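Given next, in structure tokens, is a single chain: the form predicted on its own.
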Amino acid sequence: MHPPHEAPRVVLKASKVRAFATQHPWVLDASIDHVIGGPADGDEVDLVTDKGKFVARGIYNGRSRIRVRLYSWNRREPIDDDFWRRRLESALALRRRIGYDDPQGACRLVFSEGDGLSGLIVDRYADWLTIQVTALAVQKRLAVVVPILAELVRPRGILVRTERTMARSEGMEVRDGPYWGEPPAGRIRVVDGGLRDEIDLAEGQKTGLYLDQRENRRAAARYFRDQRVLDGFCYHGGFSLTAAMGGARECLGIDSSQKAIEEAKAAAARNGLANVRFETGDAFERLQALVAQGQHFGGVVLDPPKFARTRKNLDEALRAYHWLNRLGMALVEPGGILVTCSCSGLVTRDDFFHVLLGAAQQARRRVQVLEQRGAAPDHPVAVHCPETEYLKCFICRVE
């Protein structure tokens, strides 16, 4: 790779220079006027204005719409081994400071752009780390990143996961499985908020669990004591199980994945929770059936998968959120609690608020937002990258 003083240059269009005053880490292909120096994919490059003034330093990928991922705005800072060490040390120090360092627990140690490491996600499950690679820049530097993580965290083993859609968009090879150290012999046991979990790192969605909802599950459970609770799109039953442990009278979780439902049932049994049950089924269809039956719940949780994957289907996604929340409101008894979420980064907090407004108007229910929440603090939001605030969780009272 080119040393910093010889780094190829990516020249911005004059009309796009101002946009990078906010230090956003993504340079899209449409922002680039031309490239000087013929960088190979994965090479370090300098981003410069149309007048040749240094803007930032990043890593080039001619196969991706995100043509350059920016990592440093200091022209004297190369993206070398020491750079990766400093950023990883900073990310780990944050988790220690916020108390997310239980050796038997689960935690997101590195949150991509949120920690200034675009394309790198690292989760810890007890003695193992799982790396999710979402950028070619990171995949080409795993041989640097992994030994540093091994030294700083001292896990028993490190696994790598690659999302297929990201692999296609980044031009990466798909790499899944053990990368360093000892592979787990089976499921990994972790304790999270009093709940005992067993994680299949090889087959679970993402890197194992949806850690971003951890604090929201606990917050919701405080409203569900002595209530009958419905958990739509429950996956492994995080909201249901936390509510059941927190004193809910009865919980029903629904998910379309038979495997996820079996995991949820096993978790209920493992934790001795007899006040929760799970069913396999399409959440939209089951919610409509429950409305038709005249069923009502003291608490309803709606935590669907990402509806808006591209800007082209944003309007369709907003309609889906609207319909889902109308169903949810119809199922909440007067004075009950609706916990409604969106993990679609393209749906802004204002968008989601207006979805709730429209649903409330059509459902003829008065809705009070009690809490507006986001991802857990081990998923920090970078002010330079609004996309890191992807998760919205509103806890509402419905009259």
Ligand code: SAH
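For every residue, the number given is its place in the sequence shown, counted from 1. On a predicted model such as this, the values are computed, not experimentally measured, just so you know.
There is another form of the same protein, the form predicted together with S-adenosyl-L-homocysteine (SAH); it is not shown, and what comes next is about it.
> For a quick test of understanding: in the predicted complex, does each of Trp26, Tyr71 and Glu113 have a heavy atom within 4.5 Å of S-adenosyl-L-homocysteine (SAH)?
Verified in the predicted complex; spot residues all out of contact, no.
> State yes or no: in the predicted complex, is some non-hydrogen atom of Asp282 no more than 4.5 angstroms from a non-hydrogen atom of S-adenosyl-L-homocysteine (SAH)?
Heavy-atom contact with S-adenosyl-L-homocysteine (SAH) at 4.5 Å: present for Asp282.
> Does S-adenosyl-L-homocysteine (SAH) come within 4.5 Å of any heavy atom of Tyr235 in the predicted complex?
Yes, contact at 4.5 Å.
> May I ask you to state whether Pro305 is within 4.5 Å of S-adenosyl-L-homocysteine (SAH) in the predicted complex, using heavy atom distances?
Although S-adenosyl-L-homocysteine (SAH) is absent here, Pro305 would touch it in the predicted complex, with heavy atoms inside 4.5 Å.
> Is Ser257 one of the residues lying within 4.5 Å of S-adenosyl-L-homocysteine (SAH) in the predicted complex, judged by heavy atom distances?
Judged by the heavy-atom cut-off of 4.5 Å, Ser257 is in contact with S-adenosyl-L-homocysteine (SAH) in the predicted complex.
> Would you kindly say which of Tyr321, Tyr125, Phe239, Phe224 lies with a heavy atom within 4.5 Å of S-adenosyl-L-homocysteine (SAH) in the predicted complex?
By the 4.5 Å heavy-atom cutoff, the listed residue in contact is Phe239.
> Counting only non-hydrogen atoms, choose the one of 151-159, 325-333, 210-218, 113-121 that falls within 4.5 Å of S-adenosyl-L-homocysteine (SAH) in the predicted complex.
Only one stretch passes the 4.5 Å heavy-atom test: 210-218.
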